[in-house]
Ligand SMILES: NC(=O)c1ccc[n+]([C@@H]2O[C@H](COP(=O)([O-])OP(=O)(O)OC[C@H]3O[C@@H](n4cnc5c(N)ncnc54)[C@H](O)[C@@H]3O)[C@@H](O)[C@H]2O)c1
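The chain below stands alone, shown as structure tokens; this is the form predicted on its own.
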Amino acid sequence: MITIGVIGCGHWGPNHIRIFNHLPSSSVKICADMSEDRLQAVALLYPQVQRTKHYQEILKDPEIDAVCISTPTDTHFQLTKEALEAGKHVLCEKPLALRPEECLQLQVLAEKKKKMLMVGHIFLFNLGIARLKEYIEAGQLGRIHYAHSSRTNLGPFRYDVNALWDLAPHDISIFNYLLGSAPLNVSARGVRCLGTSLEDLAFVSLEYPNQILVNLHVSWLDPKKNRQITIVGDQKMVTWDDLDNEGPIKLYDKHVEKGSRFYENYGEFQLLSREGSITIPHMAFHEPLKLQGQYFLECIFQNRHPEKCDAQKAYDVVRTLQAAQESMQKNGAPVEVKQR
């Protein structure tokens, strides 16, 4: 059994408690939060879980093998650092830190302490995203031209990071996973529609190797909740809608061909659209948070590096976010994504 402590009992903390208590190879002994109301809410749901306002009690407990961190973003680096120094395996919510170099510091520390450090890029455990990866690797889409995503809703509003840092880590981690690389450069525009000090929406353009252009739309200020991705290849096109429970994946047998036309004095190409069938594959549902928890535990038991969402992957996401933030400050001017 892996004994776990959860730090942070806001939106995601109780879900982590639920998952790790339900998995047969783990249990949550204690949780920490500064809010008494949140601790009382946990007590009603999980009375067997100990509670404290002082996270240090979790780090000092020799019975705790691993720590799950689900606190505000600006605390991730320090809490993860302290947990690793205390000899705990760590699962930290995204993003791992606010600066790329901090991700690398944590990577080095985890290797030194021989502890597992994993980042909660939850959509990498979504079966729909896994299916997109299969299509790309099998060459079914052909050469990828471009992709775009939409991640919007009316709220929830945050006061520690803007909409870019809140929402875009999901899509950046997804496209890095699908395309097997971090982007080369980024151009972004953000707006503070609500008059706060934080941008509540952003449009981000990412250029990946092989001239693949990806556009992200993230917003806290939208009438409709969207979690959608479109990928356009030169052979087929595919969409993913995380909110469509009946058929989240739709594979379109559509592409464009160049046909020749002959004129009396010259020949030229004519673009012809080819329309085929739409395939909606059956998708079994497995809760991504549960799959993520299982993966974290398996890596601990098997002493296996969490390659899917390790500190290096977190570094790739954070350096992209940093470039996007810099581009927003420069009114959308392209910014190169810094290499290690």
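Residue positions are given as counts along the sequence shown, with the first one as 1. Given the structure is predicted, the values throughout are model-derived calculations rather than measurements.
Below: the form predicted in complex with the ligand, not depicted.
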Whether Ser35, Glu93 and His170 jointly form a contact site for the ligand in the predicted complex is the question; each needs a heavy atom within 4.5 Å. yes
From Thr73, Ser150, Asn176, Thr239: within 4.5 Å of the ligand in the predicted complex by heavy atoms is Thr73
Look at the stretches 312-320, 21-29, 327-335, 7-15 and give the one with heavy atoms within 4.5 Å of the ligand in the predicted complex. 7-15
Residue-level contact is defined here as any heavy atom of the residue lying within 4.5 Å of the ligand in the predicted complex; does Arg131 satisfy this criterion? no
Does Ile122 make contact with the ligand in the predicted complex, using a 4.5 Å heavy atom cut-off? yes
Proximity of Tyr55 to the ligand in the predicted complex, heavy atoms at 4.5 Å: yes
Would Asp166 count as touching the ligand in the predicted complex under a 4.5 Å heavy atom rule? yes
